[in-house]
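Only one chain is given next, in C-alpha cells, and it is the form predicted on its own.
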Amino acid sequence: MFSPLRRLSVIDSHTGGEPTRVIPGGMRAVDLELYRRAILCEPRGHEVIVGALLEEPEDKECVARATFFNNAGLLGMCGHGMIGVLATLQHLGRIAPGVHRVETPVGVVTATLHDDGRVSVRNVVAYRKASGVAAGKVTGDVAWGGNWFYLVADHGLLLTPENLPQLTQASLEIREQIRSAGYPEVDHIELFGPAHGPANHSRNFVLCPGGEYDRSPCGTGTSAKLACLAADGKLAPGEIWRQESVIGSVFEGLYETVEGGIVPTITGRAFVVAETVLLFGEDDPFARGIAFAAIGDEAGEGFTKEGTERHRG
C-alpha cells in the first residue's frame, strides 16, 4: 500500500523562463492527483510550475516514462517540460548527448540532447482540426499539438509583459467562448502578434489550463502553430520557424509531413536551477498546497493515512 509522503526529492529547471519540477523517483503516477498541488503550488512552489514524474518505461528502448501535470490536472504532453526532463536526466548522469526516447501519455516522443545543451523534441503528430472558428469577437483555429489550442491573431492586444493582466483576462473569456462554440476540449489559448526580435517570425501569449501564462513560447503550442502554417501552405517542411514568447524567449520549430498531419520538432534549452527535498508535515494545515485548500478539498487533512484512504476512495 502506498504510504503518505514525508519527503520527496525534486529537481527544478526552466526552459525559456517556464519552470519544470521533475520528480526523478519516489512516487507513482496513480498518486499524482493526491499530491500534485502540494508539489507544485504554494507554499512549496507556484501555480505556474509544470511537474514531470519519471517512472520506469514499459518500452525498454525508452529512457523513462514522463507524466506531466500542472495545478489544474494532468497534461498530455509538454514541450518545455520535455526539454527540462532531458536537461534533468543529463544533470543526474542518466543520459549523455544523443537521441533518447521518452514515453508520455500521448505516445513516445524522441528527443535529441545536443552537445551544446540544447534539446530538440520530435513531438507527436500535430494537426489542425478547424480553421476560421468564431468565438465571441475573435476568429481563430483549433489545433492539436500534444494539447488542444485555440490560436488567435485578431485579438487587438499588445503582447508585452506590461499587458499581462489584460492578456490573461481576454484569454480566459476567449476560452469560455470557444468552448461554448462547440470545442469543449480546448484548454489552451494562444494569441499571436508580430515578433519583437528581427530574427523571429512571431510572438505569442499562451494561457495554460490553470489560468497562468506560459513564460516560454510553449512547445505544444508552437507545434499547433506549425500545423496551422502547414495547412495554410505558409511554411514548407524543414523550414525553420522561430517562435518568440511574451517575455522574449525563443523556440525553433520545423516539421515533416505525415498522414493525418505533421510531426513537429521543437528546439530549446533548459537550465537546472535547484535540487530540493520537499517536506510534508501531518500537522501542516496547508500540507496539500494553498491552491488545494482554496477549493476546499480536504484542506485540513494533511497527509495522514486516514486522509489518504478517503481521498483514494
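Residue indices: 1-based, along the sequence shown. Since the structure is predicted, the reported quantities are computational estimates derived from the model, not experimental observations.
One more form of this protein should be noted, the form predicted together with a small molecule, which is absent from this view; the next part is about it.
Colleague: Using a 4.5 Å cut on heavy atoms, which of C228, A135, V152, C208 is close to the small molecule in the predicted complex?
Modeller: That would be C208.
Colleague: Would you kindly say which of L113, V109, L75, I178 lies with a heavy atom within 4.5 Å of the small molecule in the predicted complex?
Modeller: Spelling it out, the residue with a heavy atom inside the cut-off is L75.
Colleague: Pick from 218 to 226, 193 to 201, 101 to 109, 157 to 165: which stretch has non-hydrogen atoms within 4.5 Å of the small molecule in the predicted complex?
Modeller: Only one stretch passes the 4.5 Å heavy-atom test: 218 to 226.
Colleague: In the predicted complex, does I262 come within 4.5 Å of the small molecule, counting heavy atoms only?
Modeller: Result no; I262 lies far from the small molecule in the predicted complex.
Colleague: Can you check whether G79 is within 4.5 Å of the small molecule in the predicted complex, heavy atom basis?
Modeller: Yes, contact at 4.5 Å.
Colleague: Do H188 and the small molecule come within 4.5 Å of each other in the predicted complex, heavy atoms counted?
Modeller: Yes.
Colleague: So, in the predicted complex, is V50 in contact with the small molecule at a 4.5 angstroms heavy atom limit?
Modeller: Yes, V50 sits close enough to the small molecule in the predicted complex that at least one of its heavy atoms falls within 4.5 Å.
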